[in-house]
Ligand code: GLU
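To begin, one chain is listed below as structure tokens, in the form predicted alone.
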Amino acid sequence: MSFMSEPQFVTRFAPSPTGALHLGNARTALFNHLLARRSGGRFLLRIEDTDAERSTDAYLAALVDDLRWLGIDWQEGPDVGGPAAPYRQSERTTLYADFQERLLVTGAAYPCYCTASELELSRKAMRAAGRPPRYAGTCRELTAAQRRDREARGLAPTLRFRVQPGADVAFEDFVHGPQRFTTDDIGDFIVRRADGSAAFFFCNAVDDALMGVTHVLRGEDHLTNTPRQILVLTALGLAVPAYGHVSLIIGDDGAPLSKRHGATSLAELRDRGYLAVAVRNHLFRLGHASAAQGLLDDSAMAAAFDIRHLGRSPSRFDMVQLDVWQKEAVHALPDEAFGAWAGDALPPPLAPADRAAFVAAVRPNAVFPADVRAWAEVVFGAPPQLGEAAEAVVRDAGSEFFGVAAAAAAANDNDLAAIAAAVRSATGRKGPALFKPLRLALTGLDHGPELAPLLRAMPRAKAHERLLRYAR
């Protein structure tokens, strides 16, 4: 199928509200959002909450909040409605039952009374014989009397889809290319569990068709579900969407992404102070090749997104590269937005001019709010305590050095150029021999933001105090 054969795509993101939104699912949501936006189509959010024990409204609220934070919006969903409502699978059980009944009436599905222990014994026997484990067809041709007998014994049946042997299921995966599966390797599969709930890939496929989804872009761990879903949709006479399966995300050591690689959920990244635009730009480039450079906003990202450039190899999540995007995003923030991001890491209430001076000074060295808090302590806190090596550098500069520096700072409103000129004239020091003792005495550190703007942000009394204590 040609990706551009349809002018508009309808895509979806269909998470289960059973935990925090992890980065792999966040990237899937982003790609589907961009694909729909680029084509002028629709992106919908569907909640797959049929796992009643693990699905909670709290997880759902957090999931929606995470998606909104990431900058993803949807035209249809549980909170905005739409023509295919409802958008929570727990509210669509009657609909699934109707379609399962169609399969049963047409003979495309049949009740299966095999117990879990019987199925496990069958699988073990197949493995021992060197065959792939699949359903043996025990209940496939039961008579009506045999079914009544099993039900009389209290056996609750599942509903199995009847897979025709000796056939192939072929489709064009728009990421991985042509795919072909033999039905002999699939076997008859469950579409309704014994408790009456629909199997994941059954309701997932039915909903895609009924909601008009044209392109299903999801993780490649769902690739083996696709032939089953095609069989179900074909048997029901429903439209089959185009399928594409994006590569999984791994850590820098090649192992599946986990806690040891850093944050694995959007919530963790948000709590650490990452900006949504930084996370979005990093995810955009994981498994998707693009010539677009620099920090992209949503419009530019949608214009640059192309499913023909989705990679087939696993994508490596690199926290170092994410931090590069974070630094670029923080530096691009307007002052007001920077203040909102830094939050309570900013110092106590300051006059607007003083606040602006502090932000201008520390912004180049701020990647996270914790960096802002640390520099607020340097600028507005108690005089820094020096280590042994730093103390030696300061003492070597001498009391005259700092006496002149303190006087020049007081007379020239903390102007570094005036301070440096006065010290240079009095002591003959220049370059590192001049500026390193000044920085250490003022900040306690031999690195950080440029000293001139940092001094402009520092209260005059504090700068004078810090310089004067080494003039004695």
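Just so we're clear, the structure is a prediction, and the values are computed from it rather than from any experiment. Note that residue numbering begins at 1 and tracks the sequence as displayed.
Form predicted together with ligand GLU: not shown, discussed below.
Novice: Report whether the minimum heavy atom distance between residue 204 and ligand GLU in the predicted complex is within 4.5 Å.
Specialist: Although ligand GLU is absent here, residue 204 would touch it in the predicted complex, with heavy atoms inside 4.5 Å.
Novice: So in the predicted complex, does any heavy atom of residue 380 sit within 4.5 Å of ligand GLU?
Specialist: Heavy-atom contact with ligand GLU at 4.5 Å: absent for residue 380.
Novice: Would residue 14 count as touching ligand GLU in the predicted complex under a 4.5 Å heavy atom rule?
Specialist: Although ligand GLU is absent here, residue 14 would touch it in the predicted complex, with heavy atoms inside 4.5 Å.
Novice: With a cut-off of 4.5 Å between heavy atoms, is residue 373 one of the residues that contacts ligand GLU in the predicted complex?
Specialist: Judged by the heavy-atom cut-off of 4.5 Å, residue 373 is well away from ligand GLU in the predicted complex.
Novice: Quick one: in the predicted complex, does every one of 284, 288 and 316 get a heavy atom within 4.5 Å of ligand GLU?
Specialist: Spot residues vs ligand GLU: no contact at all.
Novice: Exactly one residue in 150, 218, 270, 363 has a non-hydrogen atom within 4.5 Å of ligand GLU in the predicted complex; which is it?
Specialist: Selected option: 218.
Novice: Among the candidate stretches 68-76, 247-255, 196-204, 103-111, which one is within 4.5 Å of ligand GLU in the predicted complex when only heavy atoms are counted?
Specialist: Comparing against ligand GLU in the predicted complex, the contact stretch is 196-204.
Novice: For a quick check, can you give me the residues of 33-64 that have a heavy atom within 4.5 Å of ligand GLU in the predicted complex?
Specialist: Going through 33-64 in order - heavy atoms within 4.5 Å of ligand GLU in the predicted complex - there is one hit, 48.
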